[in-house]
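Take a look at this one chain, the form predicted alone, written out in structure tokens.
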């Protein structure tokens, strides 16, 4: 009897030991890491718009590195989520833009897209963003990127960060009127940016009492402008407006200066970078154009709400790129990516991808109010998916190979 009890005790002890051993060996339960937030990014880092798109891509890379070094983005769940920015290059080709944005939305399953550099390519992506109900934030200036030309209403899923060509045209027309110009010529690329420059500058010039006596287009890859120069000389115009981006904007300026050395030249804000000046060389001297405040930071008042953001971006980008010059185009990317990052705070954990995308879109439209960015103080609304005014630009003149502030008091 005693032996049987001892056997039973030993058996129970063995079972208990096995249970305890099993418990000790079982891995402790761990909480799943917070979901990664994915942002799609597409710019023209190569091709004819490379001087614009490459700073944009580098800015996106910089922001991703900064955010993840800080542990990620805090979501509505109070946890930090890593951010993955998936970056593609469309080479400023519309078909590649459409392909890249489609891939980002359908295959990479990003929550929001920042795309793209050019106006024409941004317009090409509108159906993809609209049909897939994904917010796309463009870095291009043409108003049709966000606004339907027939109804005048904003495309529900399209936003953009650069100032419009209408804002730029208002500056150009005001300047030409102030210096006594009455007849102007317009030269422009036949792409989305150039044709939008033509329409907006022409409207602003005529509203200011200026007569547009000649207008001519050319391809963004053109290098020869003899026909356009003959037209300018025959027209009797007193100033030339160039609606193009580098490098062709530089070549057009050289052509004008070679044929008519004393002709005043104005350009749009698509030339707000050092490569325009470097490529044009002496022909850039004395040219004037509106630019974002980041290019003339010394002229920005200390109490301007943009000032701290501008100074931080300049410092960060300069360090990240080992001293590359600042342009407004990288600033357009900073605004777009940081708006997207902030809007991720509306993404509820466990929500479907469709719900996450809708939450980001609604956040952009309703919560970006007096938001200090690189391009200006943004206020989005249902009727305005750009949120900027003429005062987000300053006038610049090229002096000794650099763009310097050129305020109205000096006109």
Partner chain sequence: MPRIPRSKLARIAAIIVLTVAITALVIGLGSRKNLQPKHYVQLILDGFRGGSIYALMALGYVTVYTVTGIINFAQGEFVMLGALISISVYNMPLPLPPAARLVVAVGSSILLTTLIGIIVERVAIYPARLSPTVTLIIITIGVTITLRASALLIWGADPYVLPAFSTLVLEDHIFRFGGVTLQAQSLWIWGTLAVVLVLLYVFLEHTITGKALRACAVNRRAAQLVGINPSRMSMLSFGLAAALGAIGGIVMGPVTRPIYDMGLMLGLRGFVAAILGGLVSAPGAVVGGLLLGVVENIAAGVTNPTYKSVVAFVIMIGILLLRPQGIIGRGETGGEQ
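Positions refer to the first chain, counted from 1. Bear in mind the structure is a predicted one, so any value in this text is a computation, not a measurement.
Keep in mind the form predicted in complex with its partner chain is missing from the figure; the text below concerns it.
Checking 306, 321, 204, 228 against its partner chain in the model of the complex, a heavy atom within 4.5 Å turns up for just one residue: 228. Of the listed positions (346, 50, 377, 368), a single one reaches within 4.5 angstroms of its partner chain by any non-hydrogen atom in the model of the complex, namely 50. Of the heavy atoms in residue 46, some are within 4.5 Å of its partner chain in the model of the complex. Contact annotation: residue 234 falls within 4.5 Å of its partner chain in the model of the complex, judged by heavy atom distances. When its partner chain is considered in the model of the complex, residue 281 lines it closely, a heavy atom lying within 4.5 Å.
Residue contact with its partner chain in the model of the complex: residue 224 places a heavy atom within 4.5 Å of it. Listed stretches are 307-315, 171-179, 273-281, 327-335; the contact stretch with its partner chain in the model of the complex is 273-281, by a heavy atom cutoff of 4.5 Å.
Residues of 233-269 that come within 4.5 Å of its partner chain in the model of the complex, judged by any heavy atom, are 233, 234, 247, 251, 254, 257, 258, 259, 261 in sequence order.
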